[in-house]
Structures are given as C-alpha cells and as structure tokens.
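Starting off, we have a lone chain in the form predicted on its own, written out as structure tokens.
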Amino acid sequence: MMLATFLVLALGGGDVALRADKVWIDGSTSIDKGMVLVRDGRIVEVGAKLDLDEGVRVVECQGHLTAGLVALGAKVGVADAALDPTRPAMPEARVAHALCRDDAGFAALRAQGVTSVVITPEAAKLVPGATAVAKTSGALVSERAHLSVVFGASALSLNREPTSYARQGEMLSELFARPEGALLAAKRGQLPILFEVQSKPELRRAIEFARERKLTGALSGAPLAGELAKEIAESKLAVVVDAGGAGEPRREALAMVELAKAGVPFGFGLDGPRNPWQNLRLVAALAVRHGMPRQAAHDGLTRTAASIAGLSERAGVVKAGFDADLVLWSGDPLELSSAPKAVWIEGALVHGAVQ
C-alpha cells in the first residue's frame, strides 16, 4: 500500500477502537467481530460491542487481531558488541549497554509480528551477563531480565578455563558458593536464570544444578528438551524452544508436544539473525500439525512467552491495562498462509497498514 494509506495510531491523538473479524484474547479465548479500545498506548477495553464515546475513531481491520509475539532470545541490536574473551564469567555485564535501538533487525522482527524480544549475550563464557528485554520499536523495557548461565559447549575453550564439562561444573559451583551481585540475586530467586543448553546431557546437568540450589528460570536452546519433559516439569523450570532446531523437524515437533502434555511453560527462542526471523511462528505451527493443542502453541508465542520474559503484567494478552502491542493477521496466525498486515506497539502503527 502507498504510504498515504497508512493510519498511524499514536494515541496521544485520541481514543481509537480497532474492530477485527476475530480478536484473540489469548490462545483459548476469541471474540468474533471483536473490538479493542486503545488509549495512550494501553488497552482500555475489549469486547464484542463497546459503548464508545462520541469522537472515538473506529478502524475496521479485516483479519485476526492478536497480542504481539514475544521472541525469547535474539542477538538483535548488539551485533557489534564485544565482551572480554579472556574472562570466563562476567555476571555484572549487561547486554543492554550495547543496544543499538535503530538496528535493522528490529524492523525485520516487526515484519514477523514480533513486538517484544529478549536479547541475549553470546553464550561464549560461563556467565556472560544479563539479558535485556526490548520492544521491537527499539525501546528498552528491562536491562536485567535474566542472568545467562551457560552449560553448553560454547563456554568451553582451548586456551582458558573451563576446558572440559567437568571443570565447567566445578567453576559454576564455586561461583554460586560465594555469590555477589547478580549471582546473589539469582541464588535468592530475585533474578531468573536463563540456562543455555544444547544437548540432553547438558539439560540434565542444568536441571540438577538448579534443583540443588533451588534456582528459578528457563532452559534455553535444546530443541529436544521435550524428551525430558517429566524431569523438567519436576524442576519447575520453563523452556525456551530453539527455533533453529537440530535438523530433525518431526522429532523436534514431537518433543514440543511432550512439553505441552507435561504442563511445562514454554516459549520460542529465536537466535536470530542466525535463524530466519520467520522460524518463530514456523516451529509453533509445525508443533500444532504434530499434535500440540492450538492454545499451547498460541500462548507459547504470546502469553507464556511474555511471562518467561518478565512481561506478564503488560504483554502477551489482549486485555485491559496491557500495552497495546497488537498484530493484525490476514488469517489464523498459526496458519503459515497468514501474514502480518499491521503491527502496533504501544498503540503506534510500526509495520504495515490498515484502510
């Protein structure tokens, strides 16, 4: 569409009501011909029929309206950030300090319906620092959302410790035995941990480490985590499902189904730009085709993902009081034939257009 047809909903200009063919409150509740009233960047009211004040603009939206997607893990905005490669642990480092808010990756995420993203540091050391949460408008939401702790092989090195899994475990135990700062906050349950893992043995080590110390957070990066769904459920940890995968799509999809069956909270991680941005929704749709309930997949992209990101009180649900982070899809968002037609972040149209 021509730029002249774009309707920019900056709520400072007054209340706006979006009326869509279907409004998805979350993964289980929808309203046909629903309306969402937006004011000052927030959702004010949602319903089938709203008693609107005179002068409220009503915008007709053909398609499905949902909460914006939440990507749990991407390297967007920090491609040129460099951390000291000689130090095995930097728990006080914050990837937010290197954030480039006009990075082109944000626009690419918006084009896929992603409105919030957890930005993770490189998993190249035992404790690479804190994750950040940002809107894909570039606005920083949290500069210390999780503490990244690496149980994967990427933290091992040939020329500095740790050089083996055994030493990796010893060093992590030593760090948490005498914690300070971010490590102490994590040990006290005040800062969730993002456990970076890749294989099932690494998953087991991370689960046991968390259980022994009563740590909270999420296991991130293992595409087959669902094959240990029972152990994960007992640990009370969440899971960030890798949207890149290990090259076995059917096995990975069935593993995701097992997470849902076991009641493990999960969202989808997008280690972009290494993985294509569209993979976030692709892996969710693939899981549905292999038996995952639609509700679980939808919430894994929105509501549950927002909770894992620390945004449970402001994102992931189309609900009064929440940020007006919304996506208009051409059809059901879990059908790969659908595409984002328009994306709003805090009430401002940041991608696409409506007529």
Partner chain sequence: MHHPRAWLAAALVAGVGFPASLWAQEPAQGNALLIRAEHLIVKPGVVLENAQVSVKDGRIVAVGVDLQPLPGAQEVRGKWVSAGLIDAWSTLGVDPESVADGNVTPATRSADAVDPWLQAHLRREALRAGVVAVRAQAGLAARVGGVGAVVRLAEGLDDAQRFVARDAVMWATVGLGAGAPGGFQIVDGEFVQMPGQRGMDVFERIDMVDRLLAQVVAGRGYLVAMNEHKHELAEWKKKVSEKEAELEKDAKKAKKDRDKAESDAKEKGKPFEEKKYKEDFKKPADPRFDEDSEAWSLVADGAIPLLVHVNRDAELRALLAGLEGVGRLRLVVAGGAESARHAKHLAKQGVAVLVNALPMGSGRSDEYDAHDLSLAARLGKDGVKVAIGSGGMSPDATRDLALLAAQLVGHGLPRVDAMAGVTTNAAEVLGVERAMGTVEVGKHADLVVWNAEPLSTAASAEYVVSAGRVVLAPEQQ
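Numbering follows the first chain given and starts at 1. Owing to the predicted nature of the structure, the values given are computational and were not obtained by experimental measurement.
The form predicted together with its partner chain exists for this protein as well; it is not shown, and the discussion that follows is about that form.
Participant: Taking 4.5 angstroms as the heavy atom distance cut-off, pick the stretch from 129 to 137, 262 to 270, 150 to 158, 176 to 184 that is near its partner chain in the predicted complex.
Facilitator: The contacting stretch here is 150 to 158.
Participant: Using the partner position in the predicted complex, report whether residue 216 sits within 4.5 Å of its partner chain, counting heavy atoms only.
Facilitator: The answer is no: residue 216 has no heavy atom within 4.5 Å of its partner chain.
Participant: Would residue 288 count as touching its partner chain in the predicted complex under a 4.5 Å heavy atom rule?
Facilitator: The answer is yes: residue 288 has a heavy atom within 4.5 Å of its partner chain.
Participant: Can you check whether residue 211 is within 4.5 Å of its partner chain in the predicted complex, heavy atom basis?
Facilitator: Contact check for residue 211: no, nothing within 4.5 Å of its partner chain in the predicted complex.
Participant: Do residue 250 and its partner chain share at least one heavy atom pair within 4.5 Å in the predicted complex?
Facilitator: Yes, contact at 4.5 Å.
Participant: Using a 4.5 Å heavy atom cut-off, which residue among 93, 282, 207, 98 comes into contact with its partner chain in the predicted complex?
Facilitator: Flagged contact: 282.
Participant: What residues, if any, in 325 to 344 have a non-hydrogen atom within 4.5 angstroms of its partner chain in the predicted complex?
Facilitator: Sequence-ordered list: 334, 335, 336, 337, 338, 339.
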